[in-house]
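Given next, in structure tokens, is a single chain: the form predicted on its own.
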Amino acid sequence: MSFRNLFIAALLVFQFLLVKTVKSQTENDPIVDQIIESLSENAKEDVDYSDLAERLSFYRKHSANINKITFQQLQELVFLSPIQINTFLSYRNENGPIINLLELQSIDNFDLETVRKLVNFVSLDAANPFADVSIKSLLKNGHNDLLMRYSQIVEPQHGYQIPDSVKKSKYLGSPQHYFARYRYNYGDNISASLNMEKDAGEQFFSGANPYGFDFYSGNIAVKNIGKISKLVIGDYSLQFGQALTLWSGLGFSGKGADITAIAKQDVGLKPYTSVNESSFFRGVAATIKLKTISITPFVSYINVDGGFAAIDTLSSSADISSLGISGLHRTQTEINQKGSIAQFIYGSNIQFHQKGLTLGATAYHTYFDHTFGAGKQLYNQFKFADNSLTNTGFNYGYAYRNTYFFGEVAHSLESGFAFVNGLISSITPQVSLALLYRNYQKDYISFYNIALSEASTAINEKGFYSGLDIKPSNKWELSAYTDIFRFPWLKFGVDAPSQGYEMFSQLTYTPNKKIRATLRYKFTNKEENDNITNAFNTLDPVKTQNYRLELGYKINQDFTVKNHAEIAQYQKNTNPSELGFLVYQDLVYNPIQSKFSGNVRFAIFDTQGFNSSIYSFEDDVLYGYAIQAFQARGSKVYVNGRYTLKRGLDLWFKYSLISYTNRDNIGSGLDQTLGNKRSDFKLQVRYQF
């Protein structure tokens, strides 16, 4: 018997501990929650995580065949690094089919934590065939998923209390939020999606929305029809390279505890399933597979939100002053901006992939039916001031042994360039290194650019990132990085070229499967305008520090306790520091076999100002993840629950209450509520058939 077979036989002893239990988890799924929470650490406050949660939940329920799973499917799992993906594919090519999932532990660069995650999304079962598809089989074997959500802030907000007779800005709709979505899946090959949403304050079957919801989004997608690898009709997103030339939909900064996340995992064309009302395309796109080459042509026409500057009396036309990304249409001004700008995009991407080498080229043209106004301030004089733009880019990725090289160069024609190059290397099984250099010129322009950067967009920035991950044993892990950056040109609120750096370290201790402790420190030093009102401002150093301690303990098969303590410190120049702290405890009830599961959180916080605010990830109803910003002094409690009424029919609910001890009102403007308490609740039902 070969060594490989002896190894597999030995691992079979642990089959029940590692695989059997995870396959019977219930939603909300703690595995999915853990992955999303780790990725959300450096994301924006308003990121919609439903797309990622839905993708991971699909693989949890319809696990991919480990012996047929593709390079792109592995990328969709997001927690696998490029080195791990290429190492796995090389192992499978050299050794043949995987006989047992626990064999994954014998693959280089696969630690125990990675294997524990991966076995939740793959299996040894045969994949669903696409052959013999008929109307009868589509109806009989297809999976339908209908979800409806209702939520509302309980306390009345100012925007709803202004009488119609008063000529002031007000919310024209009701305070309820409605959301409905339908999914159809026939294996992994045919899918249909429909999203409908009415935000709080928007009209419903009245006024600007006589046909119901304010936002509709849908598509039909198929895979693996001959040489057509993917085809999407309707709303879709495109993700290529390192997010420098073209990347729409969900994306993260890449700076966090997982240093391998600096390399974007591009999945190309995918159906758009989020309720985020911006950063997607509407039209037709396809990926055509020709052996080692894939071509993705796309065309999109959509009306996007935007605001206009004052009308030019000479040309009798108004220039675009800004594009709207909030998706909110509550007041008359917001309604007037809804879909006010027509956007037409067409282009293509071509990719070559073979044996660890990926080469890609992207080119597309964007046209607007109005012209953008020129920047009037010194800091934004390089902003886009036209009605059409052509973007081109080239990206690469190459895995050589235990090192992965990646990068992208992008160019906005008649404007600037942007570059990013990096590598991830597994120096030893215990030590990994990540390096990245970026150079984004001040006049580089792209409307779909979310590459790694310190600023909100990847322009006017140079930087060097270096990260190190050390795992001396299965119990200990140390992650650290330093990011040095410089802004060659002015920025909003920074009236001169500036620079800074960021340092991060995290120590994780996992003595067993029941206990996990994390200690984190983050320090950032930037430059901003001073607080003195001058014609020309000088720059002051701004230092922020964050300290975090987390402890999770699994009491038994049903209950888990999570404790979190965090301190934030902000100081500008020699001014007194602003301090803030947040402490919370979660109690999670998630039995393997039960009709009910849920969690409770109690938090207390105290921050001295906006600059010392602390952001925290919150659990929610299914696909309802959120980031809460804590400011001022008070406490918050929320209760989440899920109850299975019967097979295929589930009910979720959430109630939260935040109380302040140093405020007489909450929020500002039309969102303001009187009193020191604000509560909200959600109800959600899901029917699968």
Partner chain sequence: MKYIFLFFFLLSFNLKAQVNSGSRFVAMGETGVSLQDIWSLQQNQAGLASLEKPVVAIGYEQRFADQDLSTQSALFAVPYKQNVFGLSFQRYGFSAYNEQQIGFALARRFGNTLHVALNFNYHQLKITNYGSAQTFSVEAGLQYRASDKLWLGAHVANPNRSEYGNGVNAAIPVVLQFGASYSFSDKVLIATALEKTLNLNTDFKMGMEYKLVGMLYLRGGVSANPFKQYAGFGLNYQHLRLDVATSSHPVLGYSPQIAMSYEF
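Numbering follows the first chain given and starts at 1. For clarity, every value in this text was computed on a predicted model and none was experimentally measured.
This next part talks about the form predicted together with its partner chain, which is not shown.
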| Segment assignment from 459-467, 167-175, 391-399, 580-588: heavy atom within 4.5 Å of its partner chain in the predicted bound form | 459-467
| task | Find the only residue in L478, I107, M196, I162 having a heavy atom within 4.5 Å of its partner chain in the predicted bound form. | result | L478
| remark: Heavy atom within 4.5 Å of its partner chain in the predicted bound form, from candidates Q499, N144, N189, S613, belongs to Q499
| message | For the three residues Q430, P472 and R486, which mark the spot I'm curious about, does each lie within 4.5 Å of its partner chain in the predicted bound form through at least one heavy atom? | response | yes
| said: Residue-level question: is Q265 within 4.5 Å of its partner chain in the predicted bound form, judged on heavy atoms? | reply: no
| Contact between M503 and its partner chain in the predicted bound form at 4.5 Å, heavy atoms? | yes
| message | Check N439 for me: does it contact its partner chain in the predicted bound form (non-hydrogen atoms, 4.5 angstroms)? | response | no
| message | If we define contact as a non-hydrogen atom of the residue within 4.5 angstroms of the partner, is T510 a contact of its partner chain in the predicted bound form? | response | no
